[in-house]
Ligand code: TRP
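Here you get one chain, nothing else, as structure tokens; it is the form predicted alone.
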């Protein structure tokens, strides 16, 4: 049995059908067959969420989502990162052996930096060549309180632009601590997160080499070979960034509105349609039974069946598919104490594991 671990950052974004099929259910499948755990990365979220109420709300929403999907009696260990007090201590120890040059190669930091600079340049600030130049090299003078009158008028805009912090820069080290603390064998990730596992292995190697001891196991990534790519309501890949998604917990009114707005071609009801190029049918064949999918395919190839009919069938299919998750969520919302009991139970188990690991770490480093 392998130790499987992954983490999710509570950003406040609603989980959608693409997330469910592409990441959550594949993880659930392999985690339940092994020693699986998933942590809600509320410490990681501090790099971007700067409001206590928002963080608590986002964390609760993420926990509620996962227990609604996995079930309150899931064998997968679901816990809050902040409930593991030794994680920050291990994080610091790993900081002391992580090469600075390794952090400079992190795609996540470069992407965050480029995004922020682009936002600044595209804002009203970027219209002024002088300010743009100062922003580009991030000179201390730019932030000095003796800004010109022209610049002072834009202070409010400066403050709402998210700024890079050391948490963003050191993000991969905290991630390494999360993984290495539990002698994790496999970490399911998307292809774009592969570098994070490579860096975790590099950090583990750096520690083992520094202290001449085989303390940390080198985890490997698991990337789903056939990730389902669902079309959103506009035909592009379903994504929160495109705002074209169907949420797992959309209410009935919202779900119907989104389904009925799915983009199709302009064929009339009596025209023969091509199911395999239709966004509606792509979702139907993903969530319907094989028999119903073939039945609807036949209707597409005959006159008298319009896209409105197909959308109503899709609505029925999705409502039925999502009902167990909605019912589980409603039950847990009425009984929040069930979730807290489980969180504390899994936290005790995961704390015991890291405590055993930290005995080895502290001994080898001399603490």
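This is a predicted model, so every value here is computed, not measured. Residue numbers count along the first chain shown, from 1.
The form predicted in complex with this ligand is left out here; the points below concern that form.
Participant: Quick one: does residue 9 come within 4.5 Å of this ligand in the predicted bound form, counting heavy atoms only?
Facilitator: Heavy-atom contact with this ligand at 4.5 Å: present for residue 9.
Participant: Although the partner isn't part of this model, could you tell me whether residue 171 comes within 4.5 Å of this ligand in the predicted bound form, counting any heavy atom of the residue?
Facilitator: Residue 171 belongs to the contact set for this ligand.
Participant: Decide whether residue 195 counts as a contact residue for this ligand in the predicted bound form under a heavy atom distance cut-off of 4.5 Å.
Facilitator: So residue 195 does not count as contacting this ligand.
Participant: Is residue 179 near this ligand? Define near as a heavy atom within 4.5 Å, in the predicted bound form.
Facilitator: Contact with this ligand, yes.
Participant: Check 39, 44 and 189: does every one of them have a heavy atom within 4.5 Å of this ligand in the predicted bound form?
Facilitator: Answer is yes for this spot.
Participant: Would you kindly say which of 175, 284, 255, 262 lies with a heavy atom within 4.5 Å of this ligand in the predicted bound form?
Facilitator: Spelling it out, the residue with a heavy atom inside the cut-off is 175.
Participant: Of these, 267-275, 181-189, 86-94, 69-77, which stretch puts a heavy atom within 4.5 angstroms of this ligand in the predicted bound form?
Facilitator: Stretch with heavy atoms near the partner: 181-189.
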